[in-house]
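In structure tokens, one chain follows: the form predicted alone.
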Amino acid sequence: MDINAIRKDCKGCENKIFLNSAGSSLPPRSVVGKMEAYLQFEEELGGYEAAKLKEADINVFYEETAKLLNCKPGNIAFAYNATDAYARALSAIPLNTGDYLLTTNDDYISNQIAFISLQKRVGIKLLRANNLENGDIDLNHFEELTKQYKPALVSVTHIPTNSGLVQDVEAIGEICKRYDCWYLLDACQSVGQMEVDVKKIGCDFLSATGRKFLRGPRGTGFLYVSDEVLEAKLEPLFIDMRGADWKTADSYQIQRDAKRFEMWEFSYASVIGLAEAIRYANQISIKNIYDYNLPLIKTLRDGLAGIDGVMVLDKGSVKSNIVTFHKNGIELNEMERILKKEKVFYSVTKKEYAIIDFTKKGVDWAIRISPHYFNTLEEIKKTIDIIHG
């Protein structure tokens, strides 16, 4: 990796310390350039003609995403964001009153709300597996619940938005296979910062966003759909002319591939931008990105842990590029004022985003810092000094 070239490719690296890739990262210049060029093409020809003439460029999205996840282009569907992709997958599971849905205490807030909504509307029963003392999911308890209740769906968030915990999604995949459960994985925070191989994980669905560690545009995401799902003819609840062909007055035929989970109308400029972001990451290689980030994260966690009054909140035997901390004796607005004054970009995660996790940790807020491979060790050290005060 040539860090100097990467930083030159990133206009947003200038005059700030950007540490919010878990929120919405900085896109490479080529992502913006490709989107601008496509929009100019639409300006000249109109959206329909532009899409026809740029079909090969649009298909790069499916090819590069398949390469990223180790699957086939036909397993990939474009979505407007990770929650959009997730909801389409969730709606395809044939859930009935009394069915069980098994998840964790660390699943994303929007997913947890969706589960509760299904409890109210459909009458499913929600199960959550315990965590071990170190923060890892209790796989023995997870398997006990799976064996006892035979859930219609297992849903897990790979990396929670509120901490750096990395769940053992491959072990969960083995359990799901053993007990023949549909397995939906939210990989919103993991795709782009670490290897995510759907063959190794064994998930049936995987949802992700473009704007975070992939460094793509906002309003983009994707859904991986396994061959098993396609062969079982699962389909989203709301399907349109992109996902199916109207055959008779009262019948339709779904598409054979993952495009049955797409809607007909979406922003092709955004698809082009996401394709370029994924191509950019693939070219550098996720392994190189992961290896580069390791010393950044270790320096950050060790440095914060050495500051009096700072609690580093991340648990788990494996941790990610998300670092969350709380500083005792200081109000949130004062902590934010200090970081903003020094032009450090970050996120705040609050108790209502992670009711179960933050109640256990005994905090109402945390500052979330998420470096990525365009950051430098010098930026990390400077941030530690700023927080130290």
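Note that residue numbering follows the sequence shown and begins at 1. In this text the structure is predicted, and so the values were computed from the model without any measurement.
What comes next is about the form predicted together with a small molecule, which does not appear here.
Chemist: Only one of these stretches, 118-126, 284-292, 157-165, 263-271, has heavy atoms within 4.5 Å of the small molecule in the model of the complex; which one is it?
Modeler: Among the candidates, contact is made by 157-165.
Chemist: Considering Ala258, Leu214, Ala82, Leu184, which brings a non-hydrogen atom within 4.5 Å of the small molecule in the model of the complex?
Modeler: Looking at the other structure, the residue within range turns out to be Ala82.
Chemist: Find the only residue in Ile278, Ala77, Ala89, Cys188 having a heavy atom within 4.5 Å of the small molecule in the model of the complex.
Modeler: Exactly one residue meets the criterion: Cys188.
Chemist: Examine Phe142 and determine whether its closest non-hydrogen atom to the small molecule in the model of the complex is within 4.5 angstroms.
Modeler: The answer is no: Phe142 has no heavy atom within 4.5 Å of the small molecule.
Chemist: Even though the small molecule is not shown here, does Thr209 get within 4.5 Å of it in the model of the complex, heavy atoms only?
Modeler: Contact with the small molecule, yes.
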